[in-house]
Ligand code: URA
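Have a look below at one chain only, the form predicted on its own, in structure tokens format.
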Amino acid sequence: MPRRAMYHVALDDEKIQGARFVLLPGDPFRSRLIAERIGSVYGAPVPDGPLAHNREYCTYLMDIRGRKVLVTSTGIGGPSTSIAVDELAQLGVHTFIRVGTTGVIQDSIAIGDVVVTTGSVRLDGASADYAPVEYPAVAHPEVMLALVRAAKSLAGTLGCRYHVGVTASTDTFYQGQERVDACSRYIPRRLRGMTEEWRRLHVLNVEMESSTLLTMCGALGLRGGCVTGVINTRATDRVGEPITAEHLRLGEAHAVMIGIKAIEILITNAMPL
């Protein structure tokens, strides 16, 4: 079979060495952080540099329990996420876990907590190119269960709580999430009140990649899941609370550790699925 090479992620069959699992941060710099965490947990050597880094796609190749695992950043939003997922799937990757950060809209969720997504409200545009809007963006049950079990086993040690439920996934950070601090300070009428509407419908949080990932994985016959660390809240009692370096550190670290543990569970079946 001829070697398959992917243009955007700059990876090919030879480079990924048979890896079938991938952790997907958004931020390219988080790929290195995740690789270092894997190295510290499992005693795996961390490469001096990435396996590939092209545009927003930064990839490391690591070992967890004897299996090759990719860490590939997606960049921000659905379009760039769709390229990463599509090209990795073409190389044979079958299990995708988004490891990111999020803002929450429910009063009961605190900074540093983690959210395991069961399904996403499809407020993005990219997923519509893979399945009609009636098609649900839901996590694969095995991946979701592994994330829940990872969260349950680590939450006490990490000093956080975990929450399982529905996520809203948008294309934009400002108007699409009903923020008024954009340049024009104008929000289109159709978007006004959306935060309260999703809150009343028991949506837990808002981010920008999960609906694309979960729709694609379902439509393409892959396994997908999402865990995010809380770095910001737009709950009714804390509106306007800023994102700080400490909030980012907490949310990021907790989501990363749970994502890594979930991959181990899926690889070893240490906790039967």
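The numbering used is simple: start at 1 and walk along the sequence shown. Please read these numbers as outputs of a predicted model, since none were measured by experiment.
A second form of this protein, the form predicted in complex with this ligand, is not displayed here; the remarks below concern that form.
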query	finding
Contact test, all of Thr102, Gln177 and Met208, partner this ligand in the predicted complex, heavy atom 4.5 Å	yes
Among the candidates Leu70, Cys58, Ile34, Ile231, the residue which, in the predicted complex, approaches this ligand to within 4.5 Å (heavy atoms)	Ile231
Option from 86-94, 149-157, 110-118, 199-207 whose residues, in the predicted complex, bring a heavy atom within 4.5 Å of this ligand	199-207
Any non-hydrogen atom of Phe173 within 4.5 angstroms of this ligand in the predicted complex	yes
